[in-house]
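Next comes just one chain, in structure tokens: the form predicted on its own.
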Amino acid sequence: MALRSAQGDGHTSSRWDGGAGKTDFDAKRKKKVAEIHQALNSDPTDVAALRRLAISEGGLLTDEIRRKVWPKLLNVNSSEPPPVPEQNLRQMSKDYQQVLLDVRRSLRRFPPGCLPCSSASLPAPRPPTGMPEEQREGLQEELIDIILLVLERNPQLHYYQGYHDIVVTFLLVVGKRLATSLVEKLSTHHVRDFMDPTMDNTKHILNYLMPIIDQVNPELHDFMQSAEVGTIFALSWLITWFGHVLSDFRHVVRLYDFFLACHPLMPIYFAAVIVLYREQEVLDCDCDMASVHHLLSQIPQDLPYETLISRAGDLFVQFPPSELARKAAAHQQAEKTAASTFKDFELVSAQQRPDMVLRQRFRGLLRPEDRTKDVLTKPRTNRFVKLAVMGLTVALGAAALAVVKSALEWAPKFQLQLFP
């Protein structure tokens, strides 16, 4: 099943970037902004709604909104003071020299006309000229400080090349003060596996890529297997959340909206969707490792991001990690990963049964004629509800937590100890 058929949303965020009529665009934008603020102003904050809105078309729309919503998605109290670094942290850190080298090479991650937030209440300015060198150098110093502080406070974490690509995205969107707290939470949860002493868990997550492709397009899967291309071409995509390989900062933050609102394995589903979208290009290659790797390692900059985000969500619902785990384990012996710290991963890992509890809870939202359709054709509204539920955190209400708790108590012990 090829994923390239529908390309109507072009190379960017379609209607949310003004692709439709101006009146329609403004109306949709105002409606979504109002929904986001309603969720933010609810008591307690409606995190499930914020997840749904971050996933849905256009994401969170502006950096001003992201500065308010990203902390909610990560369950971080943005009013708390940031952690204070030790004195002489740079002299004490064993990672300082490597971090310094990586940050110095990160000039392209400071996009022209992009300045970070200096106040949580004001939108970040976007001047027409490029970023002044003095401004960029100051941001690079702040980037170093954030990375070293997070590592110093969490000695179990190990720095990896590419980590700075994630941190700089938060720095540019929310500023140093809030970025430190958000990055620390992200580092101990979503990207925890990339920060192990070895790459074993990272390689294991990469091993989900081919089973996803196989479920959707066996011909493409077999071709790639014959070419022995492996999955290393997607390594930089995964460990930087695509920040290292996308040149347009708008696309990077749109993906961060999506990933922060979803399951920690969603980036590998998005990687699979990119490969599936490029099916014909891959099949037109010579069937050898060098040719296919060269093609796939050069990620296009004109991808239809909203279409791919939508399809990645569809594939996650249709082929959750629990159904792919055995195939992924066939490539590498199972290892414990940080995904096990997420209740949502426990839900979708126990032979899919707890997830069915949640599906039944929201089944009433579907029309009877839709209940028998394939997941890939179900209405977007239903898919967004499911993805938001699969990203449950302690910030959700008591009713949702009760469903999670009862599902976990009912679920049998995992027979496949991939993520114990």
Partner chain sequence: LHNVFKSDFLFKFLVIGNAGTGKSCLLHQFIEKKFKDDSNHTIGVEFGSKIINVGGKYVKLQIWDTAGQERFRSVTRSYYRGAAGALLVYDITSRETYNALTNWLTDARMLASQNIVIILCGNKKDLDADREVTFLEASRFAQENELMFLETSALTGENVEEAFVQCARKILNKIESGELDPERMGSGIQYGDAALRQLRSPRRTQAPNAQECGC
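Numbering follows the first chain given and starts at 1. This one's a predicted model, so the numbers in the text were calculated from it and none came from an experiment.
There is another form of the same protein, the form predicted together with its partner chain; it is not shown, and what comes next is about it.
A.B. asks: Can you say which of 223-231, 134-142, 180-188, 81-89 gets within 4.5 Å of its partner chain in the predicted complex, counting heavy atoms only?
C.D. replies: Of the options given, it is 223-231.
A.B. asks: Which one of R326, R250, R153, H158 is close to its partner chain in the predicted complex, taking close to mean a heavy atom within 4.5 Å?
C.D. replies: Only one listed residue qualifies here, and that residue is H158.
A.B. asks: Would its partner chain be touched by all three of F194, D284 and A290 in the predicted complex, meaning a heavy atom each within 4.5 Å?
C.D. replies: Every listed residue reaches its partner chain in the predicted complex, so yes.
A.B. asks: Considering non-hydrogen atoms and a 4.5 Å limit, does its partner chain approach L265 in the predicted complex?
C.D. replies: The answer is no: L265 has no heavy atom within 4.5 Å of its partner chain.
A.B. asks: Quick one: does N75 come within 4.5 Å of its partner chain in the predicted complex, counting heavy atoms only?
C.D. replies: Close contact is absent here: in the predicted complex, N75 is far from its partner chain, nothing within 4.5 Å, heavy atoms only.
A.B. asks: Do L100 and its partner chain share at least one heavy atom pair within 4.5 Å in the predicted complex?
C.D. replies: Taking the distances in the predicted complex, the answer for L100 is no, it never comes within 4.5 Å of its partner chain.
A.B. asks: Is the gap between Q301 and its partner chain in the predicted complex 4.5 Å or less for some heavy atom pair?
C.D. replies: The answer is no: Q301 has no heavy atom within 4.5 Å of its partner chain.
A.B. asks: Heavy atoms within 4.5 Å of its partner chain in the predicted complex is the criterion; list the residues of 241-279 that meet it.
C.D. replies: Stretch hits: a single one, H244.
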